[in-house]
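Here's a solo chain for you in structure tokens, the form predicted alone.
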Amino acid sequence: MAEGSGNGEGRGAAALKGRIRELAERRDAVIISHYYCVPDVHDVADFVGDSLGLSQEAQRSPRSVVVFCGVHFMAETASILCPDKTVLLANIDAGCPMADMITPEALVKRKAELPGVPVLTYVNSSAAVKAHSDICCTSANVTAVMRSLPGDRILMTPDRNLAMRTQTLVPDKEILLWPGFCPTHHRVNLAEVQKIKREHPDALVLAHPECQPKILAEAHVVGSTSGIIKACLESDRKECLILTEEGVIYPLRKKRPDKVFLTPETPMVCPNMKKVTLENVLDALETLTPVIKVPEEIRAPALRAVERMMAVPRD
């Protein structure tokens, strides 16, 4: 089983990065990148992290312009938290299939079928869906948020795999599933995972909760992207099998070149995250487009759902 690969610096990339950094200063811009973007984009970013954490970094930044290297819903979350800043999405075509598996209209219809049942929505969702939800969650805080909700039945959207994982951790609640999923995490092949485990019996296996339950059952650690990175860095195991998008391999290799990071034979690649290029970042800074601006009638209720989540003490 080969190690997960990271992209090297392409021809002319160093000069392009220099232009981006110079222009970011002139534009009073902060550049933020999700872990799943390509290494070149990591290198030019002020912050690299998980989606909600990046929006919080945007909120804390004194800069007036935010260049978001990620997918559409993430830039919307930044707009929700930073209404007075100009939020740019580096590549307007970078969407999220899981976020597209739920619409506000479908959620409103389902809520009408479940009167009084609270709606817990994963942050990997559109602003309009957040606006029709009672509270949001991340993959890191979902159990604490779930336990904070009143009643015995909760509708959780849109990721059914995260919901099924949460059900095992909060058995006193009945969690009603939405039929959404992340294609990148959902397609992890059980036979491939078991083969790698046989060939590398001492490897630490780390999986994202967006994977299917049968995959999570094979893992030693189940956690968010940041949680997986933290566990890898802190473990004394020489080998780590990473069952999340392979963009995390680049920062892991930089911090722990002594370790071996294994990945499945079927690549765990989010094609939308990989759409973001250095050229996109430069274009966004040059043109100050495309702007992502959540209308106030959606932003206000969406912000309430996010703020309710942030007010929940962590487990």
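One-based numbering along the sequence shown. None of these values were measured; they are calculated from a predicted model.
Keep in mind that the form predicted in complex with 1,3-dihydroxyacetonephosphate (13P) is missing from the display, and what follows is about it.
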(message) I need to confirm a contact call. Of S79, S133, T157, N124, which residue comes within 4.5 Å of 1,3-dihydroxyacetonephosphate (13P) in the model of the complex, counting heavy atoms only?
(response) N124
(request) Have a look at L252, M273, A45, L278 for me and say which one sits with a heavy atom within 4.5 Å of 1,3-dihydroxyacetonephosphate (13P) in the model of the complex. (result) M273
(request) Quick one: find which of 284 to 292, 259 to 267, 59 to 67, 34 to 42 has residues within 4.5 Å of 1,3-dihydroxyacetonephosphate (13P) in the model of the complex by heavy atom distance. (result) 34 to 42
(request) Please check if K173 has a heavy atom lying within 4.5 Å of any heavy atom of 1,3-dihydroxyacetonephosphate (13P) in the model of the complex. (result) no
(request) Would you please decide whether E246 lies within 4.5 angstroms of 1,3-dihydroxyacetonephosphate (13P) in the model of the complex, comparing each non-hydrogen atom pair? (result) no
(message) At 4.5 Å between heavy atoms, is W178 in contact with 1,3-dihydroxyacetonephosphate (13P) in the model of the complex?
(response) no
(message) I'd like to know whether T166 contacts 1,3-dihydroxyacetonephosphate (13P) in the model of the complex, with contact meaning heavy atoms within 4.5 angstroms.
(response) no
(message) Using a 4.5 Å cut-off on any heavy atom, which residues of 214 to 235 would contact 1,3-dihydroxyacetonephosphate (13P) in the model of the complex?
(response) S224, T225
